[in-house]
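Only one chain is included here, represented as structure tokens and corresponding to the form predicted alone.
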């Protein structure tokens, strides 16, 4: 099954997505997500100028060899642009191989390890009362796990809270929107938020929270300890993880489970975190961690240390990534949970898919391949719209971690 062509499709049905489509001499094609939020055109250029010319004529079945060629064969390795491009190729090739076999992708990975994939949704509020109400709405929809965020009084542009009625999408302007951060206000507020949620909804619903890299290690330890009475499923991205050893300090002071990894690109970004059991969940995802081939390596390492998966699944990843992730989740032995932010109707129309949601669980479906396609005619009606992610500053103007 020779690769005869490959091209990049960029579309913006409410937000920007980059898709790689690989075609073969058998008349089949596979697609992969290549979206890097706020840097979409960088990945598109890398694919068009550096990757695609090297794919033509290769055997599409040789997924591992092609992955190694694109990774080891590039002198400048890793990084989000390179690894997102590799992931797009890898996902498209797995899609092709499964289609050629006439099987859903999870069967090629080793078959199902569970009947469904538990997912969590996002309950956001402009204040505590509205966040509590949103949690109730997600419970009514059948979710068994819910991430909770709320605006912090006096803090401009609190993370995770949309500025309108639509779903939260932070990349909203051509130049970055500037937010203001206050750690003291946040550390005072967050326990009060979860006090109210637990009081209203009881002990059984699983609750998650995203700190979004805002705290120093000792501040993260303080928050983790303060949230222990509320039995969080996890506290996510509590401190920047470039310094993996920083999580040792957090771990020493709290038993709140820790999750990290949505911005990781390779197994090297999380090796210390996993091997020293400094985290409980690794959140690396198909599109930014080199595709299914590399994510399997990360999961295998994590399994040795009883660390479970919890892949990123926000709307800055296309339905193509979600479909591939659900096949991975259904198979991977050390699965934990899958993030699931619902895409807009316009996005779902551009990317028809086989995956479904019911009673807090998702299933990727039985369609051969990863079960997600792209309507190119419809995609062409939504041209690229330049948008960047926000930035954060402290009250005195110092740049901070967004």
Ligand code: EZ4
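Numbering follows the first chain given and starts at 1. Because the structure is a prediction, the values reported are computed rather than measured.
Heads up, the form predicted in complex with the ligand isn't pictured, but that's what we're talking about next.
Check your understanding: residue 40 near the ligand in the predicted complex, any heavy atom under 4.5 Å?
Key -> Looking in the predicted complex, residue contacts with the ligand do not include residue 40, since no heavy atom lies within 4.5 Å.
Review point. Would residue 314 show up as a contact with the ligand in the predicted complex if we use heavy atoms at 4.5 Å?
Key: So residue 314 counts as contacting the ligand.
Exercise for review: Verify the contact flag for residue 210: yes if a non-hydrogen atom of it lies within 4.5 Å of a non-hydrogen atom of the ligand in the predicted complex, no if not.
Suggested key: Residue-level check for residue 210: yes, a contact with the ligand.
Check your understanding: How about residue 262: is it within 4.5 Å of the ligand in the predicted complex, going by heavy atoms?
Key -> It does: once the ligand is placed as it appears in the predicted complex, residue 262 has a heavy atom within 4.5 Å of it.
Review point. Picking from 306 to 314, 107 to 115, 130 to 138, 79 to 87, which part of the chain touches the ligand in the predicted complex when contact means heavy atoms within 4.5 Å?
Key: The contacting stretch here is 306 to 314.
Check your understanding: Would the ligand in the predicted complex be within 4.5 angstroms of a non-hydrogen atom of every residue among 33, 94 and 328?
Key -> Negative, none of the three is within 4.5 Å.
Practice item. Identify which of 143, 247, 233, 159 has a heavy atom within 4.5 Å of the ligand in the predicted complex; exactly one of them does. Key: It is 159 that has a heavy atom within 4.5 Å of the partner.
Review point. For the stretch 386 to 402, which residues lie within 4.5 Å of the ligand in the predicted complex by non-hydrogen atom distance?
Key: In sequence order, 389, 402 come within 4.5 Å of the partner.
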